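What follows is a single chain, given as structure tokens, in the form predicted alone.
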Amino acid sequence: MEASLKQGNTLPASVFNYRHSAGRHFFQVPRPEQGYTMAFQSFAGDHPEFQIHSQHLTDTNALNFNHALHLSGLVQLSGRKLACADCHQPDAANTHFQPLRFDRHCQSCHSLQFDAHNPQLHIPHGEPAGVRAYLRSLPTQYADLARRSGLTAQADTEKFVAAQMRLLRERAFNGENLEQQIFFASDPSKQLAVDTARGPESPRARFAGCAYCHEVKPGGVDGLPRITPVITPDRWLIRGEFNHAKHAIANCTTCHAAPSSRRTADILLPTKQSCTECHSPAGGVSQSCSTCHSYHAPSGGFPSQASSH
């Protein structure tokens, strides 16, 4: 270990960056100051706490997400409470989970339907330029909707478009700049409260704005807001192999404290103590190094001084 530390100190920091690999995103933990953690005798005994917990590391994902809210019963899917498996679905090998996608895991509830009078219309999810283009083409969108609804006369279509644009500005967005409201509104509860006070004749769609979920910054030269990309790691423990299928006997919340997590920054990995309930002599499940760790010597092998390790 000492020899490896000395060699590591001569190498550029980029050599130890495993954040990206073959299009995947790994969570990068800081290197231990001494180059390694510690020597220990067994996992159940003196194996150190996982670094994510011991150093209180946080998720830097820019998405605003609250696990507790989604599992509290306030959010429902098809008339029932959401469950972990509604969003976290196994991959083809049934060992890890598929990446989360807005269209597959979020859109059924967060439809981006901005006009309660015309729920067929949805703001496109994607780049700010596409959102701006859509908003500036709303008269055309309403005209297409009128034709799909059976209005064929030009005068009727124009009347429908004018009425919908007026209702949208006056009732849904209180006369504020529509584009700014879509991009920067971030508190749907306040907006819905205002709408409720006006009475049932002026409904409002349950879409708050991009900033409800995303970090949105003021625009640059082109005036377009900047939305911080959402980057969710594919793997949290780079050198720790884990097979979810082998752990399916346990309930998700036995290992992951999702029901009490209200911050995106929370990394909901189990603690070492949670793992030792099974991976220990008392639990009866293997606790050998190779149970969780893959062999990770560099392709050139260890330095000769460390060949015995």
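Residue positions are given as counts along the sequence shown, with the first one as 1. Note that the structure is predicted; figures quoted are calculated from it, not measured.
Below, we refer to the form predicted together with a small molecule, which is not included among the displayed structures.
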Problem set entry | Whether R136, R148 and E215 all lie within 4.5 angstroms of the small molecule in the predicted complex by heavy atom | no
Exercise. Looking at 140-148, 156-164, 113-121, 227-235, which lies within 4.5 angstroms of the small molecule in the predicted complex, counting heavy atoms?
Worked result: 227-235
Exercise. Hey, in the predicted complex, is I182 touching the small molecule, heavy atoms inside 4.5 Å?
Worked result: yes
Exercise. With a 4.5 Å heavy atom cut-off, would you call S288 a contact of the small molecule in the predicted complex?
Worked result: yes
Problem set entry | Proximity of K246 to the small molecule in the predicted complex, heavy atoms at 4.5 Å | yes
For this session: Classify R169 as contacting or not contacting the small molecule in the predicted complex by the rule of any non-hydrogen atom within 4.5 angstroms, answering yes or no.
Result: no
For this session: Based on a C-alpha change of 3 angstroms or more, tell me if S54 and Q34 lie closer or farther in the predicted complex than in the shown form.
Result: closer
